[in-house]
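Just the one chain here, the form predicted alone, laid out as structure tokens.
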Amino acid sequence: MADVVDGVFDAVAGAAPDVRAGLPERRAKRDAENVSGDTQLEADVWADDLLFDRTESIEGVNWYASEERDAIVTVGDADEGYAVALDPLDGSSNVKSNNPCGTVVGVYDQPLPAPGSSLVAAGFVLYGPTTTMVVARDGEVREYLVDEDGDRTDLGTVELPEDPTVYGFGGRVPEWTEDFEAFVRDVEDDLKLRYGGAMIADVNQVLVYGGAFGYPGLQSAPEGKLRAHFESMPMAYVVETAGGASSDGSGSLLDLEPQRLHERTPTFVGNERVIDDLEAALPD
């Protein structure tokens, strides 16, 4: 398993400079939507194709799934192996405004749809002022600096600070439920609002400063916006491994058992006491 996971994250890191370099000329929208109904940018599809090419031949990877593809793709010739699930360009709408975006990676030990308990590793690449990679596996989280050749320099372990500092919650406020809005008003008394429109960047701030990120169920969309396999469960794996907590409003995201590849779920990650307060504030 170690060699497969190493291979996946080495491949994603190796692709990162090419993804980053290709963004400036791929800021336009396509006349198409992905299976989840999101308008695609040229960068979304291009990043997906590039990452597929870099990961599909890794020995031990038998399935590839992406937020941009309708169905899981069998890439190996065995009945067993690992599934790589990617959000190739999380926060792609930020490309036009030149704000951070990134790539989310989940490695599962069975084909999707699969429960959160089948994750064996997860992480992300963040395209900010520098390119960094965060990887959770074997009970620890490590951060790496990714250079222009795609090589990684280990920056050490990542642990969630004990004292929360920042928060960011998605969705239009008029669409929030009354219970969730009341919870946020309490949070505002203690934490600073930091929300950039890319889950990956907002969660990284939580890892650095402590706090909470979430995208709730909305009045018009009770399941929220984020996809369990591609965003919610991988980021929950990272934050929980770093000493934090996750929730769909009632329990850990890693306890979810999605029945559909592109299933959505309310998503919250952060310091345990903030997540506990959230669950206490929301109805069962």
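Bear in mind the structure is a predicted one, so any value in this text is a computation, not a measurement. In case it trips you up, residue 1 is the first one in the sequence shown, and so on.
Although not depicted, the form predicted together with a small molecule is the subject of the following passage.
Visitor: Answer with yes or no whether E231 is in contact with the small molecule in the model of the complex, where contact means some heavy atom within 4.5 Å.
Guide: Taking the distances in the model of the complex, the answer for E231 is yes, it comes within 4.5 Å of the small molecule.
Visitor: Does the small molecule come within 4.5 Å of any heavy atom of R69 in the model of the complex?
Guide: Outside the cut-off, so no.
Visitor: Indicate whether the small molecule has at least one heavy atom within 4.5 Å of a heavy atom of G91 in the model of the complex.
Guide: Residue-level check for G91: yes, a contact with the small molecule.
Visitor: Give a yes or no for K225: in the model of the complex, does one of its heavy atoms lie within 4.5 Å of a heavy atom belonging to the small molecule?
Guide: Although the small molecule is absent here, K225 would touch it in the model of the complex, with heavy atoms inside 4.5 Å.
Visitor: Please pick, from M199, M133, A83, A136, the one residue with any non-hydrogen atom lying within 4.5 angstroms of the small molecule in the model of the complex.
Guide: Residue within 4.5 Å of the partner: M199.
Visitor: Among the candidate residues F213, Y108, F183, F124, which is the single one with a non-hydrogen atom no more than 4.5 Å from the small molecule in the model of the complex?
Guide: Only one listed residue qualifies here, and that residue is F213.
Visitor: Of the listed stretches (213-221, 236-244, 54-62, 250-258), which one has a non-hydrogen atom within 4.5 Å of the small molecule in the model of the complex?
Guide: Stretch 213-221 is the one.
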